[in-house]
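As structure tokens, one chain now follows by itself in the form predicted alone.
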């Protein structure tokens, strides 16, 4: 006789969110369709998958890579990724001698269309301060240990300009197509706290 497991209990936060949403809908303060559209946007239209596709295209298409490094905003828009908090972009490339890290020292400016929601640590005061004062120490905490002769450059994102790191393409990936390459790219590598 087969037994079924009971459904996992809903977290207290999930219960509160659902209750708050119900009250706001009931009072006519929010439209459930608008909430669904917003959730769909963040699940399917923005996020690190978009940035990973930008990186993969740059790895396989030298002309696109040049456009990306020359006018990131336009090149990213070519792939359909633009919008609020992604209007003005600059892409910085990691090389054998330079490793780039992104931070927003004033708040948490972040390129949402290409990287999605910012991770909690990105918004934290300790990351924002230490990324500037001790970038190698921060990188080490993420498991990224760079040779001493690699220069670490820290880029301070602002409301006017947001950055995306173009990681180095891993060796041995010459036969991979864009989709397979995109699957290798992580959000953290596009912030610069990891290599991939």
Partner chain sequence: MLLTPDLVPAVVASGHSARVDAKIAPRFAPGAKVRVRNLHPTGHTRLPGYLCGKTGTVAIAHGVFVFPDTNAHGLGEKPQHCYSIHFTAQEVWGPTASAKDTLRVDLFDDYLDPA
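Not measured: the values here are computed from a predicted model. Note that the rigid core is defined as the largest set of C-alphas that superpose within 1.5 Å between two forms. Positions refer to the first chain, counted from 1.
From this point on, the text means the form predicted in complex with the partner chain, which you will not see here.
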Residue 140, heavy atom within 4.5 angstroms of the partner chain in the model of the complex:
no
Residue-level contact is defined here as any heavy atom of the residue lying within 4.5 Å of the partner chain in the model of the complex; does residue 158 satisfy this criterion?
yes
Does residue 163 make contact with the partner chain in the model of the complex, using a 4.5 Å heavy atom cut-off?
yes
Tell me, yes or no, whether residue 79 is in contact with the partner chain in the model of the complex, where a contact means a heavy atom of each within 4.5 Å.
no
Proximity to the partner chain in the model of the complex, single hit among 136, 65, 169, 49 (heavy atom within 4.5 Å)
136
Assert contact residue (the partner chain, in the model of the complex, non-hydrogen atom within 4.5 Å, options 106, 74, 120, 117) equals 106
With the distance limit set at 4.5 angstroms and only heavy atoms considered, check whether 23, 177 and 183 all reach the partner chain in the model of the complex.
no
Can we say the CA of residue 183 moves by at least 2 Å between this form and the one not shown when the core is superposed?
no
Could you check, with the core superposed, whether the Cα atom of residue 26 shifts 2 Å or more between this form and the one not shown?
yes
Shorter or longer C-alpha distance for residue 36 and residue 179 in the model of the complex, given it differs from this form by 3 Å or more?
farther
